[in-house]
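First comes one chain, alone, set out as C-alpha cells in the form predicted alone.
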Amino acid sequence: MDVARVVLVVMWVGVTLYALLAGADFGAGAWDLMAGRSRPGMPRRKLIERAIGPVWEANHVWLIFVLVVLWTAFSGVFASVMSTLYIPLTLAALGIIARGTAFAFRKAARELWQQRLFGGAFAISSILTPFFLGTVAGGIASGRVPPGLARGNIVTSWLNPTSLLGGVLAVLVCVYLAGAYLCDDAAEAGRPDLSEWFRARALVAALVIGAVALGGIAVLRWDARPLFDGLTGRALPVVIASAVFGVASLALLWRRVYPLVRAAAMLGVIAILWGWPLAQYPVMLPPNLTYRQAAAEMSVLVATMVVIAVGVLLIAPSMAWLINLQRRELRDGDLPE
C-alpha cells in the first residue's frame, strides 16, 4: 500500500468518526425538535442534553482533522471542492456555529421564551447542517466538482438530484443513529419510558430511510451513473452489508436489545460511508482525477503521517476518557419525571 493510499484511508477514518459521533449529535438536535411541548418534552430534552453535553463540541475535531489532511495531502482536491461548493460549505459552517451557540445559550436561559428561541435554533441548525454536508458529498460523488479553482457551477454542483438525495439521507441517518444511541442512553439512565418513546419513533425513521434508499437507486442510475455502476459492482458487498446491518439494527430495536442496536447502527453507517470511496476508487474527483494524481509530494505525505500518529496518541485517550465520563454521568444523574 503506497503512502498516498494510507493517508487517504486515514482521512476517511476521520470522516467515519465524524459521522458516527457528530452525526449522532446532529440527529439529537432533530429529536429535540420532535420532543414535544415544553413540560412533557422536558425529560426527553434533558436526556438529549445529558447525552451530548460532554462531547458535542469535541466531536468537531474530526471535521477539522479531515479538512487539514485534505488540504495538506491533496491540496488540489481541497481547492476544487472549496471553490466550487463554497455555498453549502459556508451554510454548513454557519449551521455548526448557530447550533453550538444556541445549545449553550439555552442551558443558560431562564425565561421560557428564550429557551424556546434557542432550542428552535439548535434543532433547526442540527437538521440543516447535515443536509448541506450531504449535498456536498452528492456533488462530489456525481462528478460535478471538476479539478481546478471554481471550475464547477456554484449552484448546480450542489442543487441536483444526487446532492438532494445525499442531503436527505444524511439527515435521516443522523436521526436514526441518534435514536439508537438515545434508546441505549435512556436505558443506561434507568428511564425505560424514555427508551420506549425514542424506540417507537426510531423504528419509523428506519422505515423512512429504507424507502428513501430504495428510491435513491433510481436517482443514482439516472443522475450519477458511474457512481451507480460502482455501487452495484465493486462496492456491492459493502452495500449489501449496510442493508444487513440496517435490518439487524431494526430487528434488535424491535426486541429492545439497545446496546446491540447501537453497535448495528454504527456498523451500518460505516458500511454506507465506505461504499462510496470503494465504488469510485481510485478516483477522488470523478470522472478521472485519481488520488495518486492529486497527492502531494512524498515528503509531505510522510510528514503528514508522522503528525497524524502523534496526534492520535494525544487525542485518542482523551476522547475515550471523555466518552467514559459521559456514560458515567448518564448512569449517575437523575432526569426529571
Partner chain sequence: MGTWQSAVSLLAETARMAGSAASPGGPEILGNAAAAPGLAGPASPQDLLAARTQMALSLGWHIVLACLGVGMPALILLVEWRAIRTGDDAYMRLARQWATAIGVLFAAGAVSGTILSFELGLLWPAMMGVYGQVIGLPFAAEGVAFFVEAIFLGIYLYSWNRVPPKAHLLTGLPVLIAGTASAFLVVCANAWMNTPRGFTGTGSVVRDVSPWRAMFNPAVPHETLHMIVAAFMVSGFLVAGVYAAGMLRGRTDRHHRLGFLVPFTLAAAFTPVQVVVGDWAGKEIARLQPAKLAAAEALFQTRAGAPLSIGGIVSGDRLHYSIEVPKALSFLAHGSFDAVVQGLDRVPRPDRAPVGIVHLAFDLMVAMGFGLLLLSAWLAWSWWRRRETPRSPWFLRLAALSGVAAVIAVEAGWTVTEVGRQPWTVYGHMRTSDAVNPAPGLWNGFVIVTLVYLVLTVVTLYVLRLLRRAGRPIAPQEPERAPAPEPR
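These numbers were taken from a predicted model, which means no experiment stands behind them. Residue numbers count along the first chain shown, from 1.
Not pictured, yet referred to below: the form predicted together with the partner chain.
With the partner chain left out of view, the stretch that reaches within 4.5 Å of it through heavy atoms in the predicted complex is, among 184 to 192, 241 to 249, 69 to 77, 199 to 207, 69 to 77.
Taking 119, 216, 143, 152 one by one, only a single residue has any non-hydrogen atom within 4.5 Å of the partner chain in the predicted complex, and it is 152. Scanning 211, 257, 93, 236 against the partner chain in the predicted complex with a 4.5 Å heavy atom cut-off leaves one residue, 93.
In the predicted complex, the partner chain lies farther than 4.5 Å from every heavy atom of residue 168. Taking non-hydrogen atoms only, residue 128 never approaches the partner chain to within 4.5 angstroms in the predicted complex. Contact check for residue 264: no non-hydrogen atom falls within 4.5 Å of the partner chain in the predicted complex. In the predicted complex, the partner chain sits within 4.5 Å of a heavy atom of residue 300.
For the partner-free chain shown, 75, 76, 77, 78, 79, 80, 82, 83, 86, 89, 90, 93, 94, 96, 97, 100, 101, 103, 104, 105, 107, 108, 109 of 75 to 109 come within 4.5 angstroms of the partner chain in the predicted complex, judged by any non-hydrogen atom.
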